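Only one chain comes next, encoded as structure tokens, the form predicted alone.
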């Protein structure tokens, strides 16, 4: 786990570009550690225009796994689905992000053949994990459509793709690709929507395969104070922001991923 510097810091945006249905933000982070662990996350807000205008409430920072960390720059992949993500998506180069992080516990290094399984915007933390493991790491990705599947172009090599509408790759769920690919000695690394992660957890249990799941949750603080991101495990409730977001699948109770 890489520890975050104390407090939040300003990071100038150097790139904002579309990747299909998603937006890729690249920010300079000279004050942050150069080696965040894949799966760790940052709390993001804009320096200006972050709610609190006339008739508006202030926005809370938004939690995002970083997608890539290179040469003092951080990449974040996001989907414009609400007021906070819309403001982030419309940022211009030269504007500043408020950053806090890296936070939480990321993926551990594999003790077997790594299988990276991502769904939708949950592909982001798998991108930096593939950077670490190398281009030969097997990548299985699921998206709603061809527009969303453009995110697969960020990965090295040929990823296996499934889409809900069959517009690219296999007309299937990514967990169907996983079922076909699983073999003894694999270690699964996964991030995506709760229903997908619950299916990954169940598959890993069925095949007695270890799996590390990066769970998604709304987070108000990011450092364990608000208890807004708790999930049940076999050992009681945990806070994803400090005890996760990466959790061993074997520690989760059936149906608890989307709790």
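The model shown is predicted, which means the values in this text are computed figures rather than measured ones. Positions refer to the first chain, counted from 1.
Beyond what is shown, the protein has a form predicted together with a small molecule; the following relates to that form.
K.L.:
Do residue 83 and the small molecule come within 4.5 Å of each other in the predicted bound form, heavy atoms counted?
P.N.:
Yes.
K.L.:
May I ask you to check whether residue 30 falls inside a 4.5 Å heavy atom distance of the small molecule in the predicted bound form?
P.N.:
Residue 30: no contact with the small molecule in the predicted bound form.
K.L.:
Would residue 174 count as a contact of the small molecule in the predicted bound form, using a 4.5 angstroms cut-off between non-hydrogen atoms?
P.N.:
No.
K.L.:
Check whether residue 198 has any heavy atom within 4.5 Å of a heavy atom of the small molecule in the predicted bound form, and answer yes or no.
P.N.:
The answer is no: residue 198 has no heavy atom within 4.5 Å of the small molecule.
K.L.:
Heavy atom within 4.5 Å of the small molecule in the predicted bound form: which of 154, 162, 121, 91?
P.N.:
Filtering the options by heavy-atom distance leaves 121.
K.L.:
For the chain seen here without its partner, which of 71-79, 146-154, 110-118, 129-137 has a heavy atom within 4.5 Å of the small molecule in the predicted bound form?
P.N.:
Among the candidates, contact is made by 71-79.
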